[in-house]
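Next up: just one chain, as structure tokens, the form predicted on its own.
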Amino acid sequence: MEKLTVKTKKRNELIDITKPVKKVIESLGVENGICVLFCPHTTASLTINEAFDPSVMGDIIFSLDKISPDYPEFRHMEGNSDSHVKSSLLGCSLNLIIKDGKIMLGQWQGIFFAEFDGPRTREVFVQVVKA
């Protein structure tokens, strides 16, 4: 198992982690298998989406803010309930297929770490299983 460190700069942001994930797979020399990514944080998550146009990331953050704004009625004492909801909506893990040494992503897809309670230093665990 490998660990990626992600440093976030904003309360809400999506950070492209495709290149570091690819580097882990390359360093392990896995030709075919599964790569599991796990985010061990309750106010952050992982997602796959378009990596070509950066405005898509802003649109995702905008939409999640509309779905779960910071309601004054939230009871969680830390004041970050909206962050917990957003994290739950996207999820904490991804399973990626590795074929011929490459992650099977679509032409425009990238892997993103989603921060909802930053800025912080976060971790993503990477487990690669050979087929």
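Throughout, we count residues from 1 along the sequence that is shown. What you see is a predicted model, and the numbers here were worked out from it, not measured in a lab.
A second form of this protein, the form predicted together with another copy of the chain, is not displayed here; the remarks below concern that form.
Fill in: Within 4.5 Å of another copy of the chain in the model of the complex, all of S63, I98 and Q109 (non-hydrogen atom)
Checked in the model of the complex: all three residues contact another copy of the chain.
Discussion item. Against another copy of the chain in the model of the complex, would K7 count as a contact residue? Criterion: heavy atoms within 4.5 Å.
Written reply: It does not: once another copy of the chain is placed as it appears in the model of the complex, K7 has no heavy atom within 4.5 Å of it.
Discussion item. When the contact criterion is heavy atoms within 4.5 Å, does T42 count as touching another copy of the chain in the model of the complex?
Written reply: It does: once another copy of the chain is placed as it appears in the model of the complex, T42 has a heavy atom within 4.5 Å of it.
Worksheet item: Can you check whether I48 is within 4.5 Å of another copy of the chain in the model of the complex, heavy atom basis?
Response: Although another copy of the chain is absent here, I48 would touch it in the model of the complex, with heavy atoms inside 4.5 Å.
Worksheet item: Given that the partner is absent here, does D59 sit within 4.5 Å of another copy of the chain in the model of the complex, heavy atoms only?
Response: Output for D59 is yes: heavy atoms within 4.5 Å of another copy of the chain.
Fill in: Heavy atom contacts to another copy of the chain in the model of the complex at 4.5 Å, residues of 24 to 43 in sequence order
N32, G33, I34, V36, F38, C39, P40, H41, T42 sit within 4.5 Å of the partner.
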